[in-house]
Ligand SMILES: Nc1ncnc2c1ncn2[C@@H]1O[C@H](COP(=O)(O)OP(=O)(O)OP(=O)(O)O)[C@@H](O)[C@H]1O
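The form predicted on its own is given below as one chain in structure tokens.
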Amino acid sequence: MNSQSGRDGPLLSIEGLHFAFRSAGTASPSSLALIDNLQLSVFRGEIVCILGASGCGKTTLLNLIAGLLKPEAGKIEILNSRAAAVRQPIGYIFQNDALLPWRTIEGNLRLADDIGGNSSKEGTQERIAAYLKTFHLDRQILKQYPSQLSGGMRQRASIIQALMFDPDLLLLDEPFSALDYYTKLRLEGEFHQLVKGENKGAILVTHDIEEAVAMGDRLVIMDAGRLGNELSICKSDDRCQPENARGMPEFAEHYRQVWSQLKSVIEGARC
């Protein structure tokens, strides 16, 4: 990965990561997904977008970072974390919301307190109110159940649920792909503003080149279990929001570069 001059040290550091799915009772790896000597750093206030052919290991990488899978070799370190002892340094946001259907939205948003034992109900209420405002949700939804909300509202609530754990690093696995285009654009903007405003780090896995170019500070193509072909996206303040970035003259050139690299990887069938 390219060095990030002028910044503090990375929030996430991955070195020499290796992982392979293995068939039961054998020592040889299967061909489903393989992470091979992977290196990656993510800094605060940065969104790193990862693209690649289906099945090349993008979600496996997120699962390794989140601790859902154990690497065979290499190091994954969360550095300079500000998360409190009862909070988690990593928040994982899936393509489909992870809300518990038997809990109201308020019950889902208080899950962090139930797990961590935080007794500051007043502080929790303030944070919920602030996030509802950030994601343009009405307080009336707090008494509703997930099944009573639209897909876009559920996904917003799911993001807030993850944020209530106060993570420093956010992992997103195609979280906007199932939404209609207007909701997708709006939620991209809200999330982008939150990462920048709260100085968090984020890794976004997506198949959508347009989304990656609009949201990412860095774009990386995954190929043969490694990350390479990195593209840095430089945006001035007035071009920062994803919706505005799509209208910039350089957007088409960034899109062309990424598509050219991604098409080469897909056609090479190396994932």
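No experiment lies behind these values; they were computed from the predicted model shown. When you see a residue number, it is the position in the sequence shown, counting from 1.
Although not depicted, the form predicted together with this ligand is the subject of the following passage.
Checked against this ligand in the predicted bound form, the candidates Glu190, Glu106, Glu174, Asp113 yield a single residue with a heavy atom inside 4.5 Å, and that residue is Glu174. Proximity to this ligand in the predicted bound form, taken as a non-hydrogen atom within 4.5 angstroms, holds for one residue of Ala53, Leu64, Ala245, Val48, which is Ala53. Under a 4.5 angstroms non-hydrogen atom cutoff, this ligand in the predicted bound form lacks Arg218 among its neighbouring residues. The closest heavy atom approach of Arg44 to this ligand in the predicted bound form falls outside 4.5 Å. The shortest heavy atom separation between Phe21 and this ligand in the predicted bound form is within 4.5 Å. The shortest heavy atom separation between Leu34 and this ligand in the predicted bound form is within 4.5 Å. Taking this ligand as it sits in the predicted bound form, the stretch 188-213 comes within 4.5 angstroms of it through a non-hydrogen atom at just one residue, His207.
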